[in-house]
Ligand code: PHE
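Here's a solo chain for you in structure tokens, the form predicted alone.
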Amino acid sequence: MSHQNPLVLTLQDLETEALSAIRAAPDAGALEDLRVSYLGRKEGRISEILRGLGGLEADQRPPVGAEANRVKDVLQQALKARETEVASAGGDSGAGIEDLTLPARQRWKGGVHPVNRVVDEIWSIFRSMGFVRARGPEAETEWYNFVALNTPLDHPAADEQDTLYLRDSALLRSHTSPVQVRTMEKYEPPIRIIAPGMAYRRDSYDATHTPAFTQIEGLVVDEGITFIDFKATLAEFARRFWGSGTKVRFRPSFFPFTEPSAEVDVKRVITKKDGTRGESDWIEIMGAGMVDPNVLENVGYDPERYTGFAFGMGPARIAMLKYGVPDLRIFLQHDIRFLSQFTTGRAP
């Protein structure tokens, strides 16, 4: 007559002992201690028997392993059942009991991205001055991106180091200025447009440059538009955006599609750390100029009759200045901790 394996008997004794202890456990802490004592991966008594299966004779392993797994399943079910009982009875130190005095968890409302906030603010200012919004394709031809804008294809700006070419002379527009050309081809003056959109260049990805970025283009064309109109419009925009005490200056520059051309700088009124008021350094915010007569001729306008001015700015860089953000890449990292500063608050 064969005798039952001693380890099987040991497992049965452990089962009886553990079930008795589980039924008597007063709270979740005691149940966790029992789980570790019997089923814990390192210290569990049943787990220890399972780890020792490799040292048994081949004919002893199946019955011992089967019994150990059976006892393990029984104890796991008993622990789960007792946890439910303890929680229902309030023996889990309040676990499972709703505290109706706790404040409700409220949903976070979405917010406008800081760069889009700046785009919207810029658009709102120019709209109040009679501008309308215009759009154009992001995949352009060399004609619209360069040639029509008085930029020959041998110009450094048209080089493959700066421009992302696709195929068959198609490219990703390197600025939003092609919208100027498309608008003038479609409409007769007077024209007064703002064209926000994405632009693409072979720029490095660093604190002040990204290969894809938002740009805002502006264009005014009509009879009798002068440099005075150009300066007054952009100075008015700068004061509305940065504050009434903002100073504006125009530095001579060069752009192929404007003549004369200028860089527009502002000096803002700021509050210092000690609470006193002062002025910032001069900060460049856009490039601009009077529309080159060649551009007007390229779209079929009579440069003897019509004049105009154009300007372009980067909302992301303006957002850096407005919100004190030191690195352009932060706007593109989708970090909820950063973006949550620009939410509209919590839902009621």
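Note that the structure is a prediction, hence the values are computed from the model and not measured. A residue's number is simply how far along the shown sequence it sits, counting from 1.
Beyond the structure shown, there is the form predicted together with this ligand, which is absent from this document and is the topic of what follows.
Residue in contact with this ligand in the model of the complex (any heavy atom within 4.5 Å), chosen from 192, 267, 201, 240: 201.
Of the residues given (233, 163, 215, 246), 215 alone sits with a heavy atom within 4.5 Å of this ligand in the model of the complex. Residue 311 belongs to the set of residues with a heavy atom inside 4.5 Å of this ligand in the model of the complex. Put simply, residue 144 is far from this ligand in the model of the complex: not one heavy atom of it is within 4.5 Å. For the chain shown alone, residue 82 is not a contact residue for this ligand in the model of the complex, no non-hydrogen atom being within 4.5 angstroms. The closest heavy atom approach of residue 44 to this ligand in the model of the complex falls outside 4.5 Å.
Note that among 319 to 327, 46 to 54, 23 to 31, 286 to 294, the stretch whose heavy atoms approach this ligand to within 4.5 Å in the model of the complex is 286 to 294. Contacts of stretch 247 to 283 with this ligand in the model of the complex, defined by any heavy atom lying within 4.5 Å, are made by 255, 257, 258, listed in sequence order.
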